[in-house]
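Just one chain follows, in the form predicted alone, and it is written as structure tokens.
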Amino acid sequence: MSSNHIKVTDRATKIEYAIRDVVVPATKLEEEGHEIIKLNIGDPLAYPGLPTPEHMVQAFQEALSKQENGYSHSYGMMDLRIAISKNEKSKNNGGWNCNPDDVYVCHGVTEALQIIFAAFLEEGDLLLSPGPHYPPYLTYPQLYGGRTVEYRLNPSDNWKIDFDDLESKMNENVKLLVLINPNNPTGGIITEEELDRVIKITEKWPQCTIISDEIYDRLNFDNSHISAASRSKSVPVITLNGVSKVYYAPGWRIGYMAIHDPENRLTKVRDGIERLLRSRLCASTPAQKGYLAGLSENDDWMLKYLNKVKKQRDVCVKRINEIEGLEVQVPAGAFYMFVKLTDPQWQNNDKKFVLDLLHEEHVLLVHGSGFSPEFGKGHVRLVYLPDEKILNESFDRIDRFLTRHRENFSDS
């Protein structure tokens, strides 16, 4: 019978997504009756305390009740594109001259990435992405003939860019250079000086465009985030953002790309992007209405949410500093920590650490090597969105796990 199996493509078998791949064994444990503390996925709604704002939910519901369920424009509702452009222009740090026609609304940032890669990459082209990074930057380019090369972030210096490593990997085949700011999974934020240096390097390669993933832009605890587009007078920058993180509505699947092209180098690429957008029809109309309410109405609520997340971050830092076998660079943004495993038993096998911790203590993290086999190994990513009680319980279990295995390791 096996000879009758239909062959799967190589591209599909090579896809990995560590954040959700670890859910498979966790689901099996749940089916056996175990309760799992899930610190693996950046979903603000996975735990109570950070709900999608009511005025946004109401706008979504009103769109449904008024039968505003039809197709929108393929590039997004014009009212929403205008609101996004105003938001980009008025950012506290780094507003830039974004026009509504520069904005394209997608099914989340992940669809935006697929469209960008389809428009930019051909066989043999390269994408430079920070290591560690959000997994789709490694998995998607190969679907379009491209290949991802990682440049190093320094784990001992708040995950700052290793510019020697970055420059050594730039060449004429690099069509896209990715910035994730604030970074997933480290929570690091790129400084103005670093942005200027990245742009100066990219200027040497006229076929290269910067992708600036800023989905966590207002989840920064020192108000230090700066948009890359605001710093570039020559290099094209495509800014990515959306409703999922800062507006706490991940399941709505609404994101956007906004194109800053000061020297009009992307005219042909933009035509390709628009063709691709038209071919897939449009993003969800009611969800666009909900996002529009978030951008247009009062956002004072956001500071309360930010302070809650920051307080939970501080709890995690305190607990990690008290646990033998763990270290962490304090994240400046997003809601992740990239925790270093210093215990010799685990520092070279982060995936085994995650799986053993899951099975023994029912706490689910993500192995750092899933964010970069080279630059993420020896770490685990932890999401600090749950409340303090859950976080403290998680660290109690992690501490117990490490202590038990350290004692068993020394006995052997």
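Residues carry their position along the shown sequence, with the first being 1. Here the structure is a predicted model, which means the values were calculated and not measured.
From this point on, the text means the form predicted in complex with a small molecule, which you will not see here.
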Which residue, 180, 116, 208, 339, has a heavy atom that falls within 4.5 Å of the small molecule in the predicted bound form? 180
Which residue, 288, 129, 232, 244, has a heavy atom that falls within 4.5 Å of the small molecule in the predicted bound form? 244
For residue 253, is any heavy atom within 4.5 Å of the small molecule in the predicted bound form, or not? yes
Does residue 216 reach the small molecule in the predicted bound form if we count a contact as any heavy atom within 4.5 Å? yes
Give a yes/no on whether residue 74 approaches the small molecule to within 4.5 Å in the predicted bound form, heavy atoms considered. no
In the predicted bound form, residue 195 touching the small molecule (heavy atom, 4.5 Å): no
Among 76 to 84, 208 to 216, 272 to 280, 323 to 331, which stretch has residues whose heavy atoms lie within 4.5 Å of the small molecule in the predicted bound form? 208 to 216
